[in-house]
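What follows is one chain in structure tokens, specifically the form predicted on its own.
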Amino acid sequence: MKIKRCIFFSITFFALGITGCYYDVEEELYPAVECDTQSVSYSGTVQPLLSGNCYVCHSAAVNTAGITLEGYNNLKVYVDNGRFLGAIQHQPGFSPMPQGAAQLPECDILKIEQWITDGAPNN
């Protein structure tokens, strides 16, 4: 009986010792993802993001809540008044978009921010 107890405790301490030595390195688990915001354009970057994430509710045909983002001139109204960026960033006081879905990936938001910082050109 003493030998079984000794073996049990030895295995238990060994197992606890192995798991106690485990550590995670954040950089290895979550490597930094490069986000190229250098060549952001309306037609090449912003419009495809809108088409894939926003037009299902905010196209000219659907026009949910009276908000149409389809077409540069329609989008520019919401960019200029700050509602577009506030909504996609899920800022307090704005209706988080896309509604009922996860926030857009950080890189996509950074690209849109850069486009707005560059003056939101129709390019």
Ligand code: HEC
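When you see a residue number, it is the position in the sequence shown, counting from 1. Computed from a prediction, not measured in an experiment: that's the story for all the values here.
Below, we refer to the form predicted together with ligand HEC, which is not included among the displayed structures.
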Contact flag, residue 47 vs ligand HEC in the model of the complex, heavy atom cut 4.5 Å: no
4.5 Å heavy atom contact, residue 97 to ligand HEC in the model of the complex: yes
Interface membership of residue 67, ligand HEC in the model of the complex, 4.5 Å heavy atom rule: yes
Partner proximity in the model of the complex: residue 56 to ligand HEC, non-hydrogen atom cutoff 4.5 Å: yes
Check all three, 107, 111 and 116, heavy atom within 4.5 Å of ligand HEC in the model of the complex: no
